[in-house]
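Take a look at this single chain in structure tokens; it is the form predicted on its own.
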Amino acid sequence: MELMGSTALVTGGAVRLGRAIALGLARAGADVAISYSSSAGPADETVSEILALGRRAVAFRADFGGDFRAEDLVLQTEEALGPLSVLVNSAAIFEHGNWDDTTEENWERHFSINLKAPFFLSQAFGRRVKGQFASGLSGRRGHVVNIADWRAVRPGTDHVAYTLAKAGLVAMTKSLALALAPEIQVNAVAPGIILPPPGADDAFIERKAAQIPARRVGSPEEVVKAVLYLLDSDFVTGDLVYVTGGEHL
């Protein structure tokens, strides 16, 4: 699809990978709405950077782990920037929890933020895009890109709720690719070690890099390139693109 003049919504777009994706879309010509939970300051900074690129931008607070209505976020975005054609589900949490110490609260938080919110946002997005397409209000195809994790298809024993929610996100990607075709393409990106966890030191990065076939960790720009590739294609759908340096092998 042609991103110039399109409207995109990037959840979790204030920080880390979400921020990089939001800026990458703006550089490609899109107007961008971002959602955030507690990062109001970084959200304002990201909006300012997008505006400096000559694109329109807005930020909305959305608590995916609390009282949240997907339809409201989609409508707010369209009221501010026009009809949506791109949804990037990037917002996620990554918290500890093994099989023997995962609590119901930990489980509910991961599934609410990492899976439930992406599904209902995709549902609301799908209804809007298909409705606009059918009515002739817009002939622009829609794209959903979910930010998954390679561990979703090779789960270990740690971070149980996180991994299972991401596995659900991969399954959701394939299901919605069938359900929303042909007007909307749905794909996912599975990053590996791209950004270190908060508080990680150089020793952590060096240790992880030694375990990756590429012998280095990735960069946010490599994830952005994968997202832009999926948005550029008018044929790829239901796919999972690994950006791991071979770590998933």
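In this text, residue numbers run from 1 along the sequence as written. As the structure is a computational prediction, the values presented were derived from the model and not from experiment.
Just so it is clear, the following notes concern the form predicted in complex with a small molecule, a form of the same protein that is not shown.
Proximity of Arg16 to the small molecule in the predicted complex falls within the 4.5 Å heavy atom cutoff. At the 4.5 Å threshold, heavy atoms of Leu164 stay clear of the small molecule in the predicted complex, well away from it. Contact check for Ser38: a heavy atom falls within 4.5 Å of the small molecule in the predicted complex. In the predicted complex, the small molecule lies within 4.5 Å of some heavy atom of Asp63. Checking Val145, Leu176, Ala92, Val129 for any heavy atom within 4.5 Å of the small molecule in the predicted complex turns up a single hit: Ala92. Shown without its partner, this chain lists Ala152, Ile113, Val86, Val74 as candidates; in the predicted complex, only Ile113 has a non-hydrogen atom within 4.5 angstroms of the small molecule.
Only one of 176-184, 203-211, 22-30, 55-63 places residue heavy atoms within 4.5 angstroms of the small molecule in the predicted complex, namely 55-63.
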